[in-house]
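In structure tokens, the next block holds one chain alone, the form predicted alone.
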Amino acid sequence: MSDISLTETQVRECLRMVNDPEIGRSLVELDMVRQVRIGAGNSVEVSVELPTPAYPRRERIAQSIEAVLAARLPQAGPLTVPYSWKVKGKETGGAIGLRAKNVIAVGSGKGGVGKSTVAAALAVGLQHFGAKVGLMDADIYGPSVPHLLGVNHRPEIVEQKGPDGQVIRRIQPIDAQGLKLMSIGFLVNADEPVIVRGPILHRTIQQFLQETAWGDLDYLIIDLPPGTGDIALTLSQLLGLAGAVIVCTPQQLALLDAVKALNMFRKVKIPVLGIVENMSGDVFGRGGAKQKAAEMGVPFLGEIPMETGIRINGDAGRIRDAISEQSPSGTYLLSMCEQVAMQIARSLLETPSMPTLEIL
């Protein structure tokens, strides 16, 4: 090792040449470098702050830093890269009292494509990585979240003090191993139909968002009803969403409806984070959603195979087991979560303008 001394300034200059492998821009430009320390023997410690705990294959960052230091500063000693993370977001729910950094809608063009299963897996997966997550079931006519998570409690009403000291009543979301849940399914019997008209539907969604004591969340996942109804419009009027995830199966009929859903989100000014291909495999084929995503100019968020364990775990109220690393489906579901989180992180690098909602 060289006896030439090494300075923090030299290291930081080199870090300007290290691009984040996911976003493709300099770590310094992205403000991901928190601290640089030079130790004995010119050892280097670079503390990196990730934009999400679901950052995929973070070791690539250390490998890139090491390669640049070796080429530019041969006197540099051993490198260590401790990681931390901080989720950033648009936090557009403040106007209605919602303290969620990123609100993500999960929708589909038609029913039967596994939308609710994907929404639940996304919420559980992001929590698995370490984020604070809520899951709101906006599928008023067919709530599935209580069953998928294996909970059937009734939410309680709690009293909180508002900014002016007055007492405000809030719905306490159900706590499912740290995941906060709200669904109309907690308020009615499992075999009881929900019969409501549009204005009541709008009020229910508003109540779930505004009058539920969600607390501070990194991500709030909203499971939408299938099709192109008006709940997406309601959401777009209440707050600015981080984006929407579209779920479809690979066959052509489902893809046609997925395109309608995609265009609906665009119509109401909700960014489309991408498309997930669910039930991929021999029965429905494979690759149709990936091809359609390319045609429509939106990201492909991954495929989830037609795997018996997902169905068994969902039916048993143990969707958490489907995302475990021991599960055959776990790799696919966790990868999907990583891609969704990274799409949000990328979008936050742009300066969004709040568009005026056109009247439909």
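Small disclaimer: the values here were computed from a predicted structure and weren't measured. All residue numbers refer to positions in the sequence shown, first residue = 1.
Keep in mind that the form predicted together with a small molecule is not shown, yet the notes after this line are about it.
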Worksheet entry | Heavy atom within 4.5 Å of the small molecule in the model of the complex - the one residue of P305, G317, P299, P56 that qualifies | P305
Fill in: Contact assignment for the small molecule in the model of the complex, among L149, I231, M279, L209, heavy atom within 4.5 Å
M279
Practice prompt. Consider P74 of the chain shown here, and say whether it contacts the small molecule in the model of the complex, taking contact as heavy atoms within 4.5 Å.
Written response: no
Worksheet item: So in the model of the complex, does P271 come within 4.5 Å of the small molecule, heavy atom to heavy atom?
Response: no
Worksheet item: If you check in the model of the complex, is G97 within 4.5 Å of the small molecule, heavy atoms only?
Response: no
Worksheet item: Might G89 be said to contact the small molecule in the model of the complex, defining contact as any heavy atom within 4.5 Å?
Response: no
Practice prompt. Choose from 128 to 136, 74 to 82, 255 to 263, 107 to 115 the stretch whose residues reach within 4.5 Å of the small molecule in the model of the complex, heavy atoms counted.
Written response: 107 to 115
